[in-house]
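As structure tokens, one chain now follows by itself in the form predicted on its own.
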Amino acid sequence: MEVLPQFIVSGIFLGAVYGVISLGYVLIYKATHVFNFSQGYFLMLGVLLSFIFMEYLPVLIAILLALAVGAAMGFIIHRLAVRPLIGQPLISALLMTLGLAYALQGLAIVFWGTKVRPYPHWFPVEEFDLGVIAISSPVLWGIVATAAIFVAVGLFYQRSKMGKGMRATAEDHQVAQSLGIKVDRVFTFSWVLAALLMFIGALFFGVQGGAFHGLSEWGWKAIPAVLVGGLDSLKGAIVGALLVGTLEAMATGYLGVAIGNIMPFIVLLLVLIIKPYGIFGEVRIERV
């Protein structure tokens, strides 16, 4: 039992990673009703690009440049790849995001290779001994950063003019447009914000995971987290992520890596059987 607290801390960190990615999934889905399969690949690119920038530039400039590139990527991808598909069958947009995911993965392998490099320690690195558990500063910083991101996005979503526009757009595109809300601008902003969040998360999670193309796997494991919590719920994104991350860490510790790797998908199947819309997902009933 003495290892249980350590597994829980590891699970909370995994939940923090999955939570940031899930938040990106939710932001895009609530605004556009498109599930962005390439979300985790933005996190991977954020780690790789910020690593490169930090090698040649002062840390602060490298961070600001990485965040600017992340926002620009979200804007360009929406304008060039997503926006032309408005009005087309939903499957077209889904396949586009899936193709984008593999394109980004291929580009990362071509330009980066398959090597794994330690991510620069741009913040103080030490271990905090709390008696029964020891927490490294990358883990602690990752958890704190995720909490700050969720609080900031929640306040933005509730109080800012754009956030209120995003909430109205999530309810009904046509009604939002009739109220004077520029729906297309909301769509673009949702993609920009989702990409930007991935690059912010990359600054904290890269230290723990290292810089390599395989970080995109986190994006796939975040899918069970966001579906468990509820695809249209910001609160569900963090709750589902913490649940999935903790169960994965415990399964890995007690049953082995193989079981741990599939645990998120086992949880997903069980939750979808019992509660198909997720824990906090909105139940929608449509007449046919």
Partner chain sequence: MSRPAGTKDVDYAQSMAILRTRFEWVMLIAFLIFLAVVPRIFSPETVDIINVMAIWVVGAHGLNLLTGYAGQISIGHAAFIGVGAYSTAVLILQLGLNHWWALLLAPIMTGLVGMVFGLPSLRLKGFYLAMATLAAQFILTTAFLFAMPGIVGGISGLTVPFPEIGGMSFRVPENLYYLLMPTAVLMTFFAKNIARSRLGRAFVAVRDNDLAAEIMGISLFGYKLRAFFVGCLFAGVAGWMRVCYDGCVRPDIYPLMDSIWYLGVIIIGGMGSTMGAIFGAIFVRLLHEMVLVASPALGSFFPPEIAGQLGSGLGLVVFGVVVALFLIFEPRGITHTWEILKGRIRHWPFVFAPG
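Residue numbers count along the first chain shown, from 1. It should be emphasised that the depicted structure is a prediction, and the values quoted were computed from it without experimental measurement.
A second form of this protein, the form predicted in complex with the partner chain, is not displayed here; the remarks below concern that form.
- Although the partner is absent here, F123 lies well away from the partner chain in the predicted complex, with no heavy atom inside 4.5 Å.
- Of the heavy atoms in Q158, none are within 4.5 Å of the partner chain in the predicted complex.
- Although the partner is absent here, S136 is not a contact residue: none of its heavy atoms lies within 4.5 angstroms of the partner chain in the predicted complex.
- Mapping the unseen interface onto this chain, F35 counts among the residues with a heavy atom inside 4.5 Å of the partner chain in the predicted complex.
- Interface residue among G214, P84, P118, G154, judged by heavy atoms within 4.5 Å of the partner chain in the predicted complex: P84.
- This chain lacks the partner; the member of M162, V175, A147, A103 within 4.5 angstroms of the partner chain in the predicted complex by a non-hydrogen atom is A103.
- The stretch from 239 to 247, 66 to 74, 48 to 56, 220 to 228 that comes within 4.5 Å of the partner chain in the predicted complex, counting heavy atoms only, is 220 to 228.
- Candidate site formed by I12, A168 and A170: none of these residues places a non-hydrogen atom within 4.5 angstroms of the partner chain in the predicted complex.
- Shown without its partner, the chain has L80, A81, P84, L85, Q88, L90, I91, S92, L94, L95, M96, L98, G99, Y102, A103, Q105, G106, L107, I109, V110, F111 in segment 76 to 111 as residues with a non-hydrogen atom within 4.5 angstroms of the partner chain in the predicted complex.
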